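Take a look at this single chain, the form predicted alone, given in structure tokens.
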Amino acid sequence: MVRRLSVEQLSVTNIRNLRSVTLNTSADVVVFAGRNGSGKTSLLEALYLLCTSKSFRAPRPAESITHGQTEAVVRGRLLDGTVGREQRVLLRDGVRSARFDDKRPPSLAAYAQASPVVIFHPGDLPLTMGPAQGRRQFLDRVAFYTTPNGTKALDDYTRAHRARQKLLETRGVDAPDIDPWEALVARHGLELMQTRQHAAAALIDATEHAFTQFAAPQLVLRGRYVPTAPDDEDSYLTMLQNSRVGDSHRGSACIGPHRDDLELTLDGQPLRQVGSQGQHRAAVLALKNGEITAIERARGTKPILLLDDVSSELDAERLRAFFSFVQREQVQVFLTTTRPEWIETGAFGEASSRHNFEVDHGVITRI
């Protein structure tokens, strides 16, 4: 049975310009409206921190803390199906700590896997039109939920690949200890390729279907994982050995998961080359829907959806279609907008409960 995850109450202290905020968020749809720079995105950042212990805006915990303060806290009451729990994340001295009902989780990864969340924000737009690295990272985020050892495979491969490269650059192509490292590169590379292939398979069908719902239905979006290395260990090793000279000069192996891609095509043509701005935006949102479906099937939980200023990325017609599609997913949605009138479309349906908040320089008022 699939459970629905939701945040019923949120308390934020010292995140960006949010000095002290407590909100009742027990609704299907929670709208944060306000001008740019008012603190809307900081609320989504706080929600993301609460669910994952990480920020989607900053690589280091200290960057999320209010200027001049030394620590920040996000607390929340979550409902996982019919079971409620308290979650808390503390940022202090560059360190993150997380708690379930005042108990330490086995790891921060276990904490994040227990409260899955999917986010769309303007920084995601290069996902379909930018370099392959962003799409690899996207697959790794999906794999975090779909494959239990996915993160370990990535860490193991990265470590082995870097060690091989360092040997090539410091001791040459005939270094006596390079063979064992290449064996590890091939072994962990295959593990990571299989992990990403599984993640791609889990999200592509839902992505392709979603695109037809809120983009142009006559256009066909297709996706597939494209590896650069052979899928058997012996052939992989042979290619690594034959490319040592070139790899020592180029700074990385010419094959392997660090060069793979999630290929996206529109009517058989590369989306990066032929897609319009609107089609790229719709494709990114479709990928996010695929991520929701992949998490739901893997974890048995409908994740929380965070949408940062989506109304500026789609026209009114596509926005209504997208919200109607999201409603059918039955996930809790938090969204920010500078155009609250665009959200007053009824697209979420009469059955959806909704809370509206106005955000002004870190002060939040229920409308």
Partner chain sequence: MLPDRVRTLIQLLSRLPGVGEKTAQRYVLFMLTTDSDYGAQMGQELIALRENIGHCSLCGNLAERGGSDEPICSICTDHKRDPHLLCVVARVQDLMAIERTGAMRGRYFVLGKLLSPLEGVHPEELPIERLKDRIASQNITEIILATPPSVDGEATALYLRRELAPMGITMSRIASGVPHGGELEYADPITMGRALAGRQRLSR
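Positions refer to the first chain, counted from 1. Everything numeric in this text was worked out from a predicted model, so none of it was measured.
If you look for the form predicted in complex with the partner chain, you will not find it shown, but the lines that follow are about it.
Student: With heavy atoms only and a cut-off of 4.5 Å, decide whether Ala132 touches the partner chain in the model of the complex.
Tutor: No, Ala132 is distant from the partner.
Student: For Asp177, is any heavy atom within 4.5 Å of the partner chain in the model of the complex, or not?
Tutor: Taking the distances in the model of the complex, the answer for Asp177 is yes, it comes within 4.5 Å of the partner chain.
Student: Decide whether Asp261 counts as a contact residue for the partner chain in the model of the complex under a heavy atom distance cut-off of 4.5 Å.
Tutor: No, Asp261 is distant from the partner.
Student: Is there a heavy atom of Lys288 no more than 4.5 Å from a heavy atom of the partner chain in the model of the complex?
Tutor: No - in the model of the complex, heavy atoms of Lys288 and the partner chain never come within 4.5 Å of each other.
Student: Heavy atoms within 4.5 Å of the partner chain in the model of the complex: which stretch among 156 to 164, 208 to 216, 79 to 87, 117 to 125?
Tutor: One stretch meets the cut-off, namely 156 to 164.
Student: Between Arg75, Arg171, Arg222, Arg96, only one gets a heavy atom within 4.5 angstroms of the partner chain in the model of the complex; which residue is that?
Tutor: Result of the distance check: Arg171.
Student: From the list Ala183, Ala112, Met239, Ala201, which entry has a heavy atom within 4.5 Å of the partner chain in the model of the complex?
Tutor: Partner contact (heavy atom, 4.5 Å) among the options: Ala183.
Student: Could you list which residues of 33 to 55 come within 4.5 Å of the partner chain in the model of the complex, counting heavy atoms only?
Tutor: Nothing in the stretch sits within 4.5 Å of the partner.
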